[in-house]
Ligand code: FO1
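Just the one chain here, laid out as structure tokens, in the form predicted alone.
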């Protein structure tokens, strides 16, 4: 069984590659730090991206939402003066409504996610990292704001002073998350934003402890090539917490719970410096431009 820690578009690509490559069981543990409540609805962007990916509904062009969706609801809401900065499609809205009804009826996020996955005929197991409230806040000169406000509403433009994971210290891993990590043949940390996608999970004490115990089976793919993020604002976030924007910086950040790091061919010169940290290094082309690339990287990760 493979355990995969996922969040964001890079994760969805690798998960898709793994599912098309591996016949064994795969359990995906998903970030909850970017969950947000809007229009009275519980929205879980990273969970939804994985669900849409596994059910072949994902709008691959934009990396989120449902393909061929429409936005009639959002256009109508904006006419009444309500916020429309978070792009909720009409089909996408249905999932948020079903989840909200389940949560309001007393179901946990894990239970709601499980029933939705079954209704989507998803064979893999999808686990929220926690059923508790964990919220990633970005500290900027304009004040603290939810990650979604920073990235979606303000397009990631503000300077970043720091990052907080509200509720992480009091939260518990969702049921089966720890056992999945401890029992997996390999634990894969996707090439996701280390601060906003992976960080909220590793700041949940029980998850980090499990990863440390399973360290010799944990492999991560760098989300940085040279000194540039593959996508998103990882560079701003990493600098704000004092981490070098490089594969070496990512390795130092992950070193307590990762034993193997996969870096891009352009970063071969860093191998010696990274291995001095106590982490083994493998090198390949980590860019996933096509579905063939996704499967090639997935096969490489499995073989490391």
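Positions refer to the first chain, counted from 1. Note that this is a predicted model, so its numbers are computed, not measured.
There is also a form predicted together with the ligand; it is not shown, and the following applies to it.
The listed set 148, 202, 124, 131 contains one residue whose heavy atoms approach the ligand in the predicted complex to within 4.5 Å, identified as 148. Between 106-114, 212-220, 85-93, 174-182, the stretch whose residues reach within 4.5 angstroms of the ligand in the predicted complex through a non-hydrogen atom is 85-93.
Residue contact with the ligand in the predicted complex: residue 97 places no heavy atom within 4.5 Å of it. Contact check for residue 64: a heavy atom falls within 4.5 Å of the ligand in the predicted complex. Contact check for residue 267: no non-hydrogen atom falls within 4.5 Å of the ligand in the predicted complex. By the criterion of a heavy atom within 4.5 Å, residue 45 is counted among the residues contacting the ligand in the predicted complex.
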